[in-house]
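Here we start with a single chain on its own, the form predicted alone, put down as structure tokens.
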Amino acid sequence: MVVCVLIPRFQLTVAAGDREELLGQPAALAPEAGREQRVGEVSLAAEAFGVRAGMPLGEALARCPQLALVPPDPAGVADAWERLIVRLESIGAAVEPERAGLACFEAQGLVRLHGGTLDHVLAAARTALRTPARLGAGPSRFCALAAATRARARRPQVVLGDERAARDYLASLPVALLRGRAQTAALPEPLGRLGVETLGELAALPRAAVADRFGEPGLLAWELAQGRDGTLRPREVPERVEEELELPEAMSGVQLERALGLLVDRLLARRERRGRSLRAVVLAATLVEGGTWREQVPFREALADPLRMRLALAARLALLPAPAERLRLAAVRFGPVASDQRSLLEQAAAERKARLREGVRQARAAAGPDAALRVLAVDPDSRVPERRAVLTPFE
């Protein structure tokens, strides 16, 4: 039995923060700067005007001129969603997070751990979340999601049985549920134009005809309507190694790149890294005008060289939609332990660097982690001496 946890409008709620009055009026997440101009999640009042997530911004404003646009907060959403996933994992669940606000886990191994029935597992999940959420359970992920959409905060929906029971439960539900899966999100509109309004009508169509008209997404939608779905793929529990830097004033250009260099040095000097290289990092910023910005940066190969990391990350700073007041750099995937191999032309420099690193290690062992630091010029032209340079770990 699969359990689905659904928190409607999660991203909009996090972005609104303390401004709860926004959720009671027509509101939508504003498009992220530099990306396609489509609105994000929308409030119930905006849905009453026909506005939905993914709609072009111009069409949304034409349907609802009083629509309030809330600046997106991707970094805050990621942090809040990570906290909720950790709470679910604390009850022993192997969680597969599909997107922010939607996660699934298998209940079979938790029944005996939490009282012997599925109701006890659902109650444990609700208690662990400590936030209003809709819970659904069914034989497959899609069936559990459909049950969660019809559930209430304190009334979970449970579909007992096998594949046949899931197909019977889904038969009367609208094809709009396919928007909950990224691969099939674009299908409800063309299906509606063809007169297919429910999942039961979709399941009754010949498989070959659906494949011929819609291709692979249509086949997946047909399988989902039949009550079949793939197996869960729980996530691996990530290690959180991150560094954060509060900027004394709104920085840009060379100053911001030097602040990024300081973050890279601090991240590589973290003891939790244990000498491993980095395969991917997340660069996030809190913007002066409100909201946040977040970008995941995968490297072509596992890196532990601060110079190459700065070169790869500095280009992403140009994507910032506004000046930043806080920068954060977090490692999300690790590679093997970094080696000191160099080409033949760099042997002499490599040997000198190796001797210098060994001297730094000995100094730190004798006098502590702050025994070897280097001066990093941040704003050489500043009138305030304290802002001209900072001390950073020597690596």
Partner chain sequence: MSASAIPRDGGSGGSVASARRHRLATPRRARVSADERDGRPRAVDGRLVDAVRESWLVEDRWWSEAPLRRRYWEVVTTCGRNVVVYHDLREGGWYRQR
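In this text, the rigid core denotes the largest set of C-alpha atoms whose superposition between the two forms falls within 1.5 Å. Numbering follows the first chain given and starts at 1. Computed from a predicted structure; not experimentally measured.
We do not show the form predicted in complex with its partner chain, though everything after this point is about it.
At a distance of at most 4.5 angstroms from its partner chain in the predicted complex, none of the three residues Leu44, Ala48 and Ala60 contributes a non-hydrogen atom. Only one of 65 to 73, 328 to 336, 365 to 373, 36 to 44 places residue heavy atoms within 4.5 angstroms of its partner chain in the predicted complex, namely 365 to 373. In the predicted complex, at least one heavy atom of Val390 sits within 4.5 Å of a heavy atom of its partner chain.
Residue contact with its partner chain in the predicted complex: Gly24 places no heavy atom within 4.5 Å of it. For the chain shown alone, Val378 is a contact residue for its partner chain in the predicted complex, at least one non-hydrogen atom being within 4.5 angstroms. Put simply, Glu386 is close to its partner chain in the predicted complex: some heavy atom of it is within 4.5 Å.
Arg364 shows a C-alpha shift of 2 Å or greater between this form and the one not shown [criterion: core-superposed Cα displacement of 2 Å].
The rigid-core alignment places the CA of Ser382 2 Å or more apart between this form and the one not shown.
After superposing the rigid core, the C-alpha of Leu23 moves by less than 2 Å between this form and the one not shown.
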